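Okay, here we've got a single chain as structure tokens, the form predicted on its own, with questions on binding and movement later.
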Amino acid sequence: MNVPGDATSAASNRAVSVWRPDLFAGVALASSLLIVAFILLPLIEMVFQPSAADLGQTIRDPDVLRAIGLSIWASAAAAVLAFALGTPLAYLLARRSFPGKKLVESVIDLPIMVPHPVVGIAILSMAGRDHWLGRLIGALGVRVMGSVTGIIVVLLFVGLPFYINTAKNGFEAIPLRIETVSRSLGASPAATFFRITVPLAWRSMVVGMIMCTARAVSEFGAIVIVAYHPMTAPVMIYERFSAYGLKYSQPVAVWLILVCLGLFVLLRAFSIKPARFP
């Protein structure tokens, strides 16, 4: 018969054996350091190569400010649209089982896998005059190619999976019994969703919007096909690198990295785990 002291001793022995240095631990540590260095070293090199004077001159350039501002604004607009259009679907996937659900989840993840120039070509093919949808939106006065509207459409396409999947995980973390109690007390499905579910899942929804924004800010391949002008920051970096080389493209890249770092800080701030449900 085991006594508590024996159990504690056994657990302690297991913990010691886990942390005892061995070949596997050494390989894991070396691999971890290699991966961290692989990610950090190019970014550190890029950040510290431009001088402070170059960075200051770059951020005072109206074209750079306009490009970075457009990237941030269009990405935030795409995140708001993802919130408005994707929340009902995220909730449906979290709470309902239906035929073809796995297929729908696969379709949602498809923009992550499709090469992004293909995304741009696909969007242009639908928005062109040879397509009925293109003729319809043209008749409504909406222009996709070479417009801010086109940029937002592209950014919504590539960022939507990040919002839907994150919001879905947040909804799934809420015990269904809480909503059931609300319904049993006479609340409608809509009232339950807005008064119970959303206040409990708001953190996941905000994190999903930040992830959508962060993904959209970095988009290049689809935007360069749909709307080379007006320029977003990634397109400007590409143009300056093509025309002038590293010296003129690096400072813009550094400022874009700082924008991404700010989004990362926001993401970590809102990702703090709330109290678990009993």
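Computed from a predicted structure; not experimentally measured. Don't overthink the numbering: it's just position in the shown sequence, from 1.
The discussion below concerns the form predicted together with a further copy of the same chain, not included here.
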### Proximity of Pro111 to a further copy of the same chain in the predicted complex, heavy atoms at 4.5 Å
yes
### Query
Closest heavy atom of Met231 to a further copy of the same chain in the predicted complex, within 4.5 Å or not?
no
### Query
Going by a heavy atom distance of 4.5 Å, is Glu45 a contact of a further copy of the same chain in the predicted complex?
yes
### Task
With heavy atoms only and a cut-off of 4.5 Å, decide whether Ile59 touches a further copy of the same chain in the predicted complex.
no
## Note on the structure
Answer key: of Leu34, Ala53, Leu65, Ala243, within 4.5 Å of a further copy of the same chain in the predicted complex (heavy atoms) is Leu34
### Query
Using a 4.5 Å cut-off on heavy atoms, what residues in 118-132 are near a further copy of the same chain in the predicted complex?
Val118, Ile121, Ala122, Ile123, Leu124, Ser125, Met126, Asp130, His131
